[in-house]
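Just one chain follows, in the form predicted alone, and it is written as structure tokens.
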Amino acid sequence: MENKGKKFLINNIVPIVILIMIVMAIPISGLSGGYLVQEMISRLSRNSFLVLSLIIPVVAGMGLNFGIVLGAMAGQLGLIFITDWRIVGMEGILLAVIISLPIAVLLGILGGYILNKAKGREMITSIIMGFFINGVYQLIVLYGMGNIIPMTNKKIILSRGYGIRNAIDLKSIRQVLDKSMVVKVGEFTIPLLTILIIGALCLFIVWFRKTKLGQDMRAIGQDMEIAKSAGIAVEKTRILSIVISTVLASIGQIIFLQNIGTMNTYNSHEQIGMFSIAAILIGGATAAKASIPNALGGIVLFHLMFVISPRAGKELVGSAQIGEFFRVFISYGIIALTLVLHQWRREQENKAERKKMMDIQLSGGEK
């Protein structure tokens, strides 16, 4: 019983610590329960699709895909084109998704191919790959659009005649998904269509993990060499997992930005990977194991902290800026802490496995 309790604490140390901090900070912040519930409903609908896109690469043993910024960039390119063509409403969102999909697939194939060349170092490689593709994205958007790629909407073109402005107003599609099907429950407003889309993605992930491809990914995640011996095309399957993650991230970024209503052309995608990964880690996921409850629970905990900490900081020290520093510190600190804990757990498991093998050999020798 004691060992079970200790194991539970070790496995859930990150969400437990964050939950304790939130419980302590809520009364200090002075924010009402109703306000926090409405904020969490809004942020769940805004961020869930992006965070859920991280699960499949973890199943395939590729760790946390910091490269989801590639998908986010594909989604933003789709939004730039529909804004230039003045396509509004639901048609605009659907067209943005259609434009972004082939770009996301190409970027996913490129990402998967590079990550296959860097086995065992996937996470750091995907961070660097994100920086590199970000440079290509900025070159295309800042120089190519209006210069090589025809653009007609002068409201989004820089005054020199080419390049996209730093910020694009997405008022033509602002909260189209969120407001097209709304349910009122008491004082709370629930964006039902967005929630249904997220629910469909959850069902897809559950179904996908039971398919032959999903089982192959799980086998690769458990042991790549054994999976190869069993005849599974390891490298092709790993590429597919990154392609699926990148495609989902492109759709997730469109859902995210239609909720915000404004796109920062050169920065909106940059921190998506880091913040999404911080959220799923806070929910109890590791680099080797992630689930839908980890993703959804992590979003609630992460964003509760995001909402509460600036107010709590202001009430404690009279400066909201302290709260901003605090939550940035927590975001990056959680990623570092969880990766360290993950490595520590793996070492403990390896040590226990070695001890077990030695005991078996010793008992065999005595016989």
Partner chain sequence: MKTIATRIGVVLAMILLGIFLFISGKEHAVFIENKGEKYTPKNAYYILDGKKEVKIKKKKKKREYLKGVNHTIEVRFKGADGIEKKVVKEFKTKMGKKITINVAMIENDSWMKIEELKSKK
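Positions refer to the first chain, counted from 1. Just so we're clear, the structure is a prediction, and the values are computed from it rather than from any experiment.
One more form of this protein, predicted in complex with the partner chain, exists but is not displayed; see below.
Taking the partner from elsewhere, every residue among 91, 95 and 152 has a non-hydrogen atom within 4.5 angstroms of the partner chain in the predicted bound form. Mapping the unseen interface onto this chain, residue 113 falls outside it, with no heavy atom inside 4.5 Å of the partner chain in the predicted bound form. Heavy atoms of residue 212 never reach within 4.5 Å of the partner chain in the predicted bound form, leaving it off the interface. Residue contact check for residue 204: none of its heavy atoms lie within 4.5 Å of the partner chain in the predicted bound form. The shortest heavy atom separation between residue 86 and the partner chain in the predicted bound form is within 4.5 Å. Stretch 78 to 86 is the answer when you ask which of 78 to 86, 224 to 232, 273 to 281, 125 to 133 has residues with heavy atoms within 4.5 Å of the partner chain in the predicted bound form. Exactly one listed residue, out of 101, 195, 157, 167, brings a non-hydrogen atom to within 4.5 Å of the partner chain in the predicted bound form: 101.
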